[in-house]
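Shown below, as structure tokens, is a lone chain in the form predicted on its own; questions about how it binds or moves come after it.
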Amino acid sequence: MQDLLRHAIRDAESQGAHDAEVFASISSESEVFIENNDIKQAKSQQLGSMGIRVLVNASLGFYSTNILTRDSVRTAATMAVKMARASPKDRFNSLPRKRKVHFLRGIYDKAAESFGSSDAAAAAADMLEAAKSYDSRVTVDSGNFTAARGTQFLASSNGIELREKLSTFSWTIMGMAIQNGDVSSFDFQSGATHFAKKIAVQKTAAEFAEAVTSSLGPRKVDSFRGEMLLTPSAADELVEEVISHSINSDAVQRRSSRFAGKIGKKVSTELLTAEDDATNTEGLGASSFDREGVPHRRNIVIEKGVLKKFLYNTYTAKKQGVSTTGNSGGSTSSPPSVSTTNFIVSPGKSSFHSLISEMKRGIIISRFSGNVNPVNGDFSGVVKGGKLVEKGSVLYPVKDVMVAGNVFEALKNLNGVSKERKVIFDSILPYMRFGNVSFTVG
């Protein structure tokens, strides 16, 4: 594969490219699906693809292929150069220089090489059985277990030659509980790890089953203003996307970020410290280098409520006159873009139960079903798996409750962050409590 990448660079240069970069990926995946309380389908596949980016007099051309032969790569290089010649010049187009990369440990498990579809099916069956045996009222609508391993390759005319192996095991489960015609809110739980020995499908199944059974028998409440306590999953749905968009330098430069011009200013209460860190191997976004071959590093973006930095790739960094933060992302099918890696919120000092005990009146939100605008921060939707809290006690599950507000305003009313955190694929998030939130009942 590395020889193929070198050929691609030479092919592009021979046709007039001043700079060339090749990013390739090969992977093997086994996936098993759960539907209607049963194992329904298993599939295995091997994938391979390559993307070639070239610069001709500051004009960008890109072409990708999933046929990894010498002839196909030669054709891809030719097409990339043709596209560059037909594209406008942009003085900020450039490739990064070669840097020393310190490779991570903890993102590849050799056990993944022998982990096949039968093992994936066994894990899915274990998850299904754990959920069903937890309580007879539980019904699993859908779910899956996926085991994947792959290698990423990157080479450029600036002398970069890198490769890295990654393995991931991930699983999801979704469904409800049913009792005498009473149907609970749907709930979705997930888990992920880089190592086979850390697969914990039974734990995820128990969390799912507890969530759906505890939301049976919901009651209506009056509309009110109070506190909103988000589970890590709900925080991922409501908060993470808005912050990730706002710290993206491309969004800042396009004037679609509410954080533009606010470096050094408060954007939240001091309880929030957030970072982007691909070197944290707990998250599935971990890797040693970014889409352009720049070494990954830890980037603190919000510290005790103060905005510290934006995330850059080579293009946006050059446009701003700063250094890249190693946040070039993307696949082999498109040119690099600016992207988060592992989005991590630092833990607080309070336990989840302490956050509840301090609430006068509010709702714990397990899931959010609605719309979130990452540009202006507005959100509105239905509370899923919600529970009413009064005077520090959880009273009962609620139904037909709408929640609406603005994430940027909510961050100014952040009044609680838990010690407990959960890994949700490429996010690591705590429970987060916000004051002065509007709950409406139709």
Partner chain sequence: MTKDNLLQSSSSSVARGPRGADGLIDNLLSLLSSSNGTSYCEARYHSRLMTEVNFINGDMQRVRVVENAGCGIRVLVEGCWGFSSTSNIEPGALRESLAEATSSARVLAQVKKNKVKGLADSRMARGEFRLKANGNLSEVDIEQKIKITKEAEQAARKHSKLIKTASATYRELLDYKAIVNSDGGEVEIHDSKPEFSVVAVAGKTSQTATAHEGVGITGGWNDLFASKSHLDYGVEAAKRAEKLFAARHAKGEKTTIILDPGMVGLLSHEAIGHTVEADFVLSGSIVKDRIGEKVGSELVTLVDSGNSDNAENAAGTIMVDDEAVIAERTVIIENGILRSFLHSRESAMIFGVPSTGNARAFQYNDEPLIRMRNTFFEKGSDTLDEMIKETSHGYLVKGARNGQADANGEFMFGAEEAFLIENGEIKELLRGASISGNAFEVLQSIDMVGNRFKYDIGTGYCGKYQPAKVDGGGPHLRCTAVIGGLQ
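Positions refer to the first chain, counted from 1. Quick caveat: nothing in here was measured; it's all calculated off a predicted structure.
Below, we refer to the form predicted in complex with its partner chain, which is not included among the displayed structures.
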Among 248 to 256, 272 to 280, 146 to 154, 203 to 211, the region lying within 4.5 Å of its partner chain in the predicted complex by heavy atom distance: 248 to 256
Heavy atom of E390 within 4.5 Å of its partner chain in the predicted complex: no
Partner contact for P335 in the predicted complex: its partner chain, 4.5 angstroms, heavy atom: yes
Touches its partner chain in the predicted complex: N66 (any heavy atom, 4.5 Å): yes
A42: touches its partner chain in the predicted complex, heavy atom cutoff 4.5 angstroms: yes
Listed residue that, although its partner chain is not shown, lies within 4.5 Å of it in the predicted complex (heavy atoms), from I263, V101, A196, V183: V183
Contact at M1, L162 and K349 by its partner chain in the predicted complex, all three, heavy atom at most 4.5 Å: no
Partner contacts in the predicted complex for 312 to 327 (non-hydrogen atom within 4.5 angstroms of its partner chain): Y315, K319
